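Next up is one chain by itself, shown in structure tokens, the form predicted on its own.
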Amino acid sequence: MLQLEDISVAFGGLAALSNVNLRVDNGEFVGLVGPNGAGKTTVFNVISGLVKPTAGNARFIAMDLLKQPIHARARAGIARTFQIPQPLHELTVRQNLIVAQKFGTGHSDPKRIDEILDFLGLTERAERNAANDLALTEHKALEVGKALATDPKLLLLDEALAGLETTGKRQFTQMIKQLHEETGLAIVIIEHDIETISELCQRAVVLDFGKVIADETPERIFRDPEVMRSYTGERSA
């Protein structure tokens, strides 16, 4: 479905990504992990079109991804969330979903909007101000809802659990797990919590200093001494 080949990104003299390869198959759930500053969000930005790589190739289904503008990638089936929720101000929860749906699909489907609201537990909040009247967990749910409203084939979740307390994180994890099981969507999630990655993902890709240092099952990944050193910040002399 998605194939990144030797993707490199430089910001001035800083190499954010160096020859990154990433494969995501149909229906696969992949964790993208690594320490802060490793380049995880930059990978998402390349896929979604917010950042143009300095080198490399990318394909999504049969499409040369790097030649496509942002809206074309959304119409092709790529959706993402942001770590910090970005609701459209002065619009209700429902209106936020409608705008996202029209952007991603080119049409309006009220029934589908109702289904998304119900799945995310936002039906009773549908007419509330999206920017001002929601708790953090609800903001996170709306962020996922906007992505789902575009009818994606590939869903990119950027630290969807960040900032949630233990109960909220557990509930959100189960919601994402249910979403994958019921829809068969291909999902890539950026997440720091090892337990969450191990519960959700079939495979984990580890970035460190903009390079892929491991690509394996979570069980094997988190037994890798190099991976654990990158998590703890310990470096070889």
Partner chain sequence: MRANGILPAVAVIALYLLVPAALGHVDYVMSLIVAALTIGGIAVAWAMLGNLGGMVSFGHAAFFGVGAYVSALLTLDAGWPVFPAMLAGGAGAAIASVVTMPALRLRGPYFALSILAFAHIFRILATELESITRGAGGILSIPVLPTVAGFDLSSKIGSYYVILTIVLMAMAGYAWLRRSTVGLALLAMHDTEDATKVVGVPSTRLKAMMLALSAFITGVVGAFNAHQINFLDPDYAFSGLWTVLPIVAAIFGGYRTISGPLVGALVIYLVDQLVFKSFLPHGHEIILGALLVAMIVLSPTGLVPLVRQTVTLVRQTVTRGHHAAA
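As the structure is a computational prediction, the values presented were derived from the model and not from experiment. Numbering follows the first chain given and starts at 1.
We do not show the form predicted together with its partner chain, though everything after this point is about it.
Here the chain stands alone, but in the predicted bound form its contact with its partner chain, taken as any heavy atom within 4.5 Å, falls in 78-86 among 117-125, 132-140, 78-86, 162-170. Contact with its partner chain in the predicted bound form, defined as a heavy atom within 4.5 Å, is made by all three of Ile70, Gln95 and Val99. Taking the partner from elsewhere, Leu50 is found to have a heavy atom lying within 4.5 Å of its partner chain in the predicted bound form. Within 4.5 Å of some heavy atom of its partner chain in the predicted bound form lies at least one heavy atom of Ala74.
If you take 141-162 and check each residue for a heavy atom within 4.5 Å of its partner chain in the predicted bound form, you get Lys146, Thr150, in sequence order.
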